[in-house]
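Next up: just one chain, as structure tokens, the form predicted alone.
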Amino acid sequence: MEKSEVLLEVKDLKTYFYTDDGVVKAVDGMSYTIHKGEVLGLVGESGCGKSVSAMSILGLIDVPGKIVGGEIIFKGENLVGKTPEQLRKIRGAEISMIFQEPMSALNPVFTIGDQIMEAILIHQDVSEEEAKNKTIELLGLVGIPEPERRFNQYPHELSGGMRQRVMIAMAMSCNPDLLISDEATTALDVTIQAQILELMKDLQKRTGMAVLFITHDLALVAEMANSVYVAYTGKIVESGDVVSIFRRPRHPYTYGLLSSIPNLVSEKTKTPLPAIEGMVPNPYHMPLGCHFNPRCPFATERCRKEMPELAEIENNHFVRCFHPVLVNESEVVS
């Protein structure tokens, strides 16, 4: 994909949580860039900082959390340091988010129509009648049958898949430049998940918006993204275009994630799937050096003492590792 104009640039972002037990460096120097119309996949295990970075972009970090360093440049302006009022004008209008659990994100005492209308009325200069008509149009656009009737229903009256479609309609209501999808299909069964992904791909192509696609599921990233950033313990450990990452993963962590995905060969031969040894480190007591070194089969003494920098090892393919993996495409791609 030919790179277009930069829309969002996260530069050395640091978001820490100050608790009674110590400081959790949830996001610790994370950087990534999203171009206009691009779908960027941000992947990693739970606790790696994916969602915290998204909430930092939206200015939704609450006490005891705090952005302590870095910049979030959106359309040339730094969002870090903006007032809550300034951020409210951007949230929903220019940057929207689809949350993981729609039943928690939707207000149970308001109809879905009222909740979508609210965003339109806040950010657009339209009448209530115009907002209602646009809401019904949006509900139809995201594949909800009988949108006029659904307009007056409450969240509990809809299925999980329907509620997620409502969340997408709400996120799309003001034609955002950037849509953040935070594990938006995780709680859905696979058939509904596939429908939601197809819907998001279709809407992205139609509107040309950029998407930050946050997930722990590498298969979904392969389906959705143009470029991939792999996060581990608050840092980016590998980044590149989706083809390079999936065919030639160079960081041991990325290689381990891809190797553990079931494929047709392993299913037929009943070959045990390889797994990454150990556990994600305690956020209060990170290991010295590379944070992945206790789980890495290639770790050396240097890895246990020094944190490697993110370095370009191939064209636009970056890895934070002293000993990048050399791998044949056939080993990880079936």
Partner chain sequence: MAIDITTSEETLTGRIETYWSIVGKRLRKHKLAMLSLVVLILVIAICIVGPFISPYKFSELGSIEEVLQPPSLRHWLGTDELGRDVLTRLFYGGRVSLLVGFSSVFSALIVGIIIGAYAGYYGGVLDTILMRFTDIMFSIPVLPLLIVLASVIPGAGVWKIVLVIAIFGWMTDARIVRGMFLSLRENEYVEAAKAVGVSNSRIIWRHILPNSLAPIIVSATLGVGGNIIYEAALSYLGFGVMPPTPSWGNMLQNAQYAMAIAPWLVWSPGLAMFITVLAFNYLGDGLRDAMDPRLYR
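These figures come from a predicted structure and were not determined experimentally. Residue numbers count along the first chain shown, from 1.
What follows is about the form predicted in complex with the partner chain, which we do not show.
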property	result
Proximity of E277 to the partner chain in the predicted complex, heavy atoms at 4.5 Å	yes
Any non-hydrogen atom of E314 within 4.5 angstroms of the partner chain in the predicted complex	no
Interface membership of D21, the partner chain in the predicted complex, 4.5 Å heavy atom rule	yes
Partner proximity in the predicted complex: P294 to the partner chain, non-hydrogen atom cutoff 4.5 Å	yes
Partner-proximal stretch of 282-290, 57-65, 305-313, 33-41 relative to the partner chain in the predicted complex, 4.5 angstroms, heavy atom	282-290
